[in-house]
Structure formats: C-alpha cells, structure tokens
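Heads up, the chain below is alone and in the form predicted on its own; it's given as structure tokens.
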Amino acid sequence: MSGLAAAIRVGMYGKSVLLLERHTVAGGLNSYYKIGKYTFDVGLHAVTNYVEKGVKGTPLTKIFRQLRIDRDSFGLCPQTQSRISFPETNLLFSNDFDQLRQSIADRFPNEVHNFDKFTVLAKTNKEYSKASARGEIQSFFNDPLLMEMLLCPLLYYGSATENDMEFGQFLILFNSIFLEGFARPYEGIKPIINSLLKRAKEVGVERKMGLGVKKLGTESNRVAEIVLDNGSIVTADQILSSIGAPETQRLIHDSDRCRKSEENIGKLAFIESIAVLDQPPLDLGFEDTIVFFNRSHQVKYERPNDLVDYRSGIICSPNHYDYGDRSLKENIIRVTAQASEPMWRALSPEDYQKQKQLAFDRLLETAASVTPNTSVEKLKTSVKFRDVFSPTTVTRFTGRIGGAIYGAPIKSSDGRTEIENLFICGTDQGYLGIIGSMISGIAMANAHVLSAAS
C-alpha cells in the first residue's frame, strides 16, 4: 500500500516512476487470494482511521486529497460494535467514541476522569514520544486492568515490540482505532487495491508484477544500480523501499549491513484461521465486528514458546459491518493469535500440515470459549470450508523475514537509511495498517522525492 501511494504521489507531478512487485497480486501485507470459489483477504480485519464524509484533518481525508482519489471508490462501510474481552470484564466500543467512554464509566467508574484527561492528550498531542507506552499510561490510570485492556488492541494492531510499544505509536493507534474507527469495503480489500492501481495508471506509473529486486549495487554511498530478479539492471535518482528495513539492508551485499539487519528483525508473528460457515455468525453467538481477547489479567504480547499462543488474540467477523441493505455472500469467522515463526519453519512438510489442522481446531475452540452463548460443537459442525495461514506463509508471499507483519522493532521515522538515495516507506518507516501505510508512502514521496526535485 505504501509503495502504491508513493508511486501515485510522485507520478502526479510528472516524474518517471517504476513500481516493482515480486508477487503476482498487488497489496503486499494487505492483499487477497483465491482458493476454489472463495476469495479471502490477507490481514484485513478492519480499515482503521474511519471517519464519516465531511470530517476534515484526518489521515483518511488526507489520502483522498493527496492522491486525488474519490472516497466512494474505497466503498468503506463502518463497523457495528467491537469488544475488548478479559476474564474480569468487557469493554465495548464502536465508531461512536462515547460508547467506549460509557463502557469505561460502567466498569471503571473511578477512572472516567483520568480517561477524559488522557483523551484530551491523545487529541491534542503533536510530539512523537519514543518512551514506553506502559510507563507513560501508568501516570494517567490507577487501575492496572484498564491499562491492560486499552493496551491489548493497540498492541495487536501495530506493535513490533514485545509487551510494549512507543508512547507516540500508542497515541497514534488510540486515535485511529478509538477516536476514529473501523470500516471495511463490502467486497474486501480489492476495491482499495483496484482504486490505487487505476490511479497509478492514470498518472503514468510503470508497473511490473512478478518482478522483484535481487540486489542494490552501491557506489559512493549511493545506489548506483538496481539488479532485478530477471538479471536486468535499472537506475534511479531515488529509491523508496516498502519491503522492510532489514529486508532492504539484505539487498546491499555488505557483511556489516547484513549483520545490522539481523539485529533488527521482528520477533512477532501470527497465525490466522479462516472458517466459512453454513450459517450467519450471529446465529452462532458472534455479535461483534472484532473481539480483542485476553484470557488472563495481563497481556502477554510476545513470541510464544510453542507453535501458537492461544491465551490472547483477535476474533473478526467480516459479516458484522454495516453494509446497508446488503449482506456478505459468505459467513466468515477469522481468528488470529501469536505464533513462533522459528518453530513453524522447523516443521517437516507433513508435520506442518498436521499442525495447521490442529491450530485451526484450537483457534475455533478459543473463539467459542470467549464468546458468550457459543457452542464449540455447533460452531465446528457449521464449518464448510477452512484455511489457515502461518508465519511461514507470510514470509513466502511477502518476503517479511520471520513472518513479522509489523516489521522491525526499530523504525526509521524519517525514512532515511545510511545510503543517500535509498529510503524506507511503509511499516518500517513507522506508520502501520492500510491507512498508515498509504500515509507513509505519501509522506516519504513528499519528503525525499518531490522536495529533492523542487
């Protein structure tokens, strides 16, 4: 998404742009795939930062303005209601921020005033802080359970650091998830990708699919040549890389840079099961758009010591968005949990398939256990199609080392690398998710390509 947005932004100003994608489908970490008659989104639980038409000064509005794309082409439909589920209690939230505030007032009445003060900070803060989010929010709240419940969805929707995140990132995600909100196109991620591809073509971007970069040749601390997978060589004044910081470092065949890339590989990876059901999720007890669940009083957001950590995760039903008078053709439940990429990578092909099936069953059981009035037996018998993707699936199709969806722990906030004309955009620049990635592409194109040419 960041590469597409950057290419469009630069192409709008008449610059020559070559956009390379090693995969045969656009979208990167937010794409789609087909199995038989089914089309599944990759990673799309929700598009964050949703605001209604007419709301100005938000990331979503900025994308449409900076790329000159019609908002309606994304086809965004808002969530109904989501939930943060802990053993002790639940917090409900939606795109109406007052619902979260009221839910906190009902369950943590002594913290409402503190929550209001924190909300003011989140709305008005302009300085990015690299301090620990856990450390900073302790100065606002007294109840550790509320702190854990607020942390849980933000960790799962954007942290590349085990058990914590930078406070600046916490505030960004607090705004994008709670103060703004969730949405989803009726047809999944495809309308967003197609809208970007159409716009890229309109502004003259040259795009090559199924062709990646094999090596970056440097001279005098600049990229002098770009060696492609097919052996051909191209040159460019500026290069924006959206493949990740350590992945980009590996393209420069230099032992010191390869060592540095190893030190900044993310440890956090996920497994996700997708169940197509023979009846609506609501009939099986699933009422929420998204559930962030944690089965202990403290979130353990870290690489597990087993293949999968079933103690916390995400349950998503794409059916529970407001599609107006339409309903999805298929009934789907997606369950996501933390997984150990090294352990999945070490499995034999036979064991890998066996463990995927076991993980699917366990994830379904977990989803039922944290959803009131849901029978695991009834849920299992309603499954008519299943699929699972593991951390190694992510690496195979996106090139992300270790299956690290949120990338490297150390971000390049200004997009710069040690190479003068090579810049990072996307996840490892620091903006996350579908909207964040596009904002990153726009910002890095403005800062390092358009400003350099002006």
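Sequential numbering from 1, following the sequence displayed. Predicted model only: the values in this text are computed from it and were never measured.
As for the form predicted together with a small molecule, it is not shown, yet the points below apply to it.
Comment: the small molecule is not present in this chain, but in the predicted complex one of Leu60, Ile401, Leu44, Ile69 has a heavy atom within 4.5 Å of it, namely Leu44.
For the chain shown alone, Ser242 is a contact residue for the small molecule in the predicted complex, at least one non-hydrogen atom being within 4.5 angstroms. Residue contact with the small molecule in the predicted complex: Asp288 places no heavy atom within 4.5 Å of it.
Shown alone here, Ile8 lies farther than 4.5 Å from the small molecule in the predicted complex, counting heavy atoms only.
At the 4.5 Å threshold, heavy atoms of Val213 reach the small molecule in the predicted complex. Judged against the small molecule in the predicted complex with a 4.5 angstroms heavy atom cut-off, the residues Asn95, Gly181 and Glu330 are out of contact without exception. Note on the interface: of 32-40, 409-417, 422-430, 51-59, the segment with non-hydrogen atoms within 4.5 angstroms of the small molecule in the predicted complex is 422-430.
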